[in-house]
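Before any questions on binding or motion, here is one chain by itself as structure tokens, the form predicted on its own.
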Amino acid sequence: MATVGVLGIGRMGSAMARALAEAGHDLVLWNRSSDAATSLAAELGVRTATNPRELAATAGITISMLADGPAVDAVYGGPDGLIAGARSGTVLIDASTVPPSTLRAHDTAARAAGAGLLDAPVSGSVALAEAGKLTLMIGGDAADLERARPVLDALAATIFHLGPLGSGAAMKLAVNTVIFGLNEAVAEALVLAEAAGVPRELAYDVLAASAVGAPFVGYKRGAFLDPEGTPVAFALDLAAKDLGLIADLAAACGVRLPQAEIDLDVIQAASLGGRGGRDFSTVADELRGSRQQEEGSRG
């Protein structure tokens, strides 16, 4: 089994690390806030690294799951970055949701170090990550993918190789375009059903059993029905960040995405007043609030 470095020990990064450990891989962990890496390392009985360079010098395959493009740049570049520690044959994999240009900017330096570089964003919930059942969208060289495949197989039910570096990042933004549209559609459908007198839970059961019952509808049930009692899986602020990336990519490609523009407007409205840390399913509360304001204005 390969030694695998995992960088970014948030909800998804932790879940991926657990799946890799369960598959028998030796792990080395790093997180900008060291407490998260130290705690998970103690749980799994694995090591931590003091910086990305040290981690890359130890691991043959590295997987980063980071917040945004600047975080990726900071982890991959610089004297203490992954590329500085990479050896010939190392494969550096980024699973973050970032623009296609982000990892491409590090390709020349990685190749000069003899390392492969893949963008490999994921689709799926934290539970699917822990079970090793994610969908991976890969951009990069086919030979690098084959070197990394034994590790990626521990994370994924399905792996798509989509083309050159950046293709996975572009496809991830396309997938998220559908997710944000579906999130908005489920919220609107629930609010409409409730306004017409159908109990919220029963309305959700019907949606989940209907033609629109995608996996997203299944695993977001708690978030829509009990938003206060369900842990946040994807915050409004992160949704707004991703929708901004979608808008930038659409502009660069010369296409217009009217639904995504509406989704961003609603997400931003739901984030006002310090609410950006709430789950993005709470756009339904924003719609309910608009209805209550409308009823109040009628007297």
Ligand code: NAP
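Keep in mind that this is a model prediction, so the values were computed, not measured. Don't overthink the numbering: it's just position in the shown sequence, from 1.
Omitted from view is the form predicted in complex with this ligand, to which the following refers.
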Given that the partner is absent here, state which listed stretch (42 to 50, 246 to 254, 269 to 277, 65 to 73) has heavy atoms within 4.5 Å of this ligand in the model of the complex. 65 to 73
Residue contact check: Ala19 to this ligand in the model of the complex, 4.5 Å heavy atom: no
Ile9: heavy atom within 4.5 Å of this ligand in the model of the complex? yes
Applying a 4.5 Å heavy atom distance criterion, does Gly124 contact this ligand in the model of the complex? yes
How about Ala233: is it within 4.5 Å of this ligand in the model of the complex, going by heavy atoms? yes
Thinking of Gly13, Thr97 and Lys241 as the candidate spot, does this ligand come within 4.5 Å of a heavy atom on all of them in the model of the complex? yes
Who in 16 to 33 is close to this ligand in the model of the complex, meaning a heavy atom within 4.5 Å? Trp30, Asn31, Arg32, Ser33
